[in-house]
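Okay, so here's just one chain, in structure tokens, the form predicted alone.
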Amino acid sequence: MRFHELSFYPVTCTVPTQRPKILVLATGGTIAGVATAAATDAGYRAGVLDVASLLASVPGIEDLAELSSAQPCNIDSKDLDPALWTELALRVRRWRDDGGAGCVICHGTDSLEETAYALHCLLPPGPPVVLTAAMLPATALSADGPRNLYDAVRVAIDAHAAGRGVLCVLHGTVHGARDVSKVHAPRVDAFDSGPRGPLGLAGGDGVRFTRVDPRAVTVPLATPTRWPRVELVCSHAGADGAVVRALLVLQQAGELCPPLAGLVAVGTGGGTVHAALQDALDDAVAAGVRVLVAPRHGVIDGGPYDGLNAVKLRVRLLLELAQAASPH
């Protein structure tokens, strides 16, 4: 579907008489950031405040649900390691097995779409998993983190959020993990869901879901001893494939650890690749490297990777190669 559906489902957020059990996992990011100068967002450091401090900054959040919390890490999300995806997926699965109603994950904005899509693939449908973040540090005037966290818990306790895959709640909007991308660096309303549009809204009148994403995909959870290497390369004017050939030389010499398993080429237009780069990619395929191509702008149209941009295509390939390398 390539358009915004206009019909609205009559869905509202209702809190059961017995408060649902929600797990809040904090991984750092701007939502936990502190600025060097009071009440500004300049020169801040991400991943400073812990999960208890985040929850304490949100008035009324304890009234929504019975909250448990944990701090898997406290980092700037630009420093994300894919091993965190495995840890988060395992924590969510254990929480579900213990009867938890849902899970909220506080994350940095820079790589939020990668973690969201990875968890969307790794976790089977079930109780809601909701990622949230902030564009302004916790010490900034009108910091957006507290409201985003409050809205994320509201979505996580909503009965209509279950079974929709991983969701992202930012700036009053509910995005699906497959569609969401960060499209603005400085704006508070920094995320967009592209042509398909968001899945719903989280506003003053509660939570409303406005469309259903029919294309959920789940890759069986892989827990490799080490993640495979999947690199992004870009086609551009004058691209000669030197980067790919350099990787292959290091691979042949046994100097890449982990070894090169996949390449995602970011193509021009709808996914075209410079002839010289294509020759190098063909050599990579001959050497046993799996190669996929995504457009520089927009998403893949059709096929098994329909709707994925280049970054999420790399996540998907990484997960598939990790699964293939895992013992069965």
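Treat the numbers as computed from the prediction; the structure is a model and nothing was measured. Numbering starts at 1 and runs along the sequence shown.
We do not show the form predicted in complex with succinic acid, though everything after this point is about it.
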ask   = So in the predicted complex, does any heavy atom of residue 241 sit within 4.5 Å of succinic acid?
value = no
ask   = So in the predicted complex, does any heavy atom of residue 231 sit within 4.5 Å of succinic acid?
value = no
ask   = Does at least one non-hydrogen atom of residue 75 fall within 4.5 angstroms of succinic acid in the predicted complex?
value = yes
task = Would you please decide whether residue 135 lies within 4.5 angstroms of succinic acid in the predicted complex, comparing each non-hydrogen atom pair?
result = yes
task = Would you check whether succinic acid, in the predicted complex, lies within 4.5 angstroms of a non-hydrogen atom from each of 179, 300 and 309?
result = no
query = succinic acid isn't shown here, but in the predicted complex, which of 48-56, 22-30, 272-280, 257-265 has heavy atoms within 4.5 Å of it?
reply = 22-30
query = Between the options 148, 115, 235, 109, which residue brings a heavy atom to within 4.5 Å of succinic acid in the predicted complex?
reply = 109
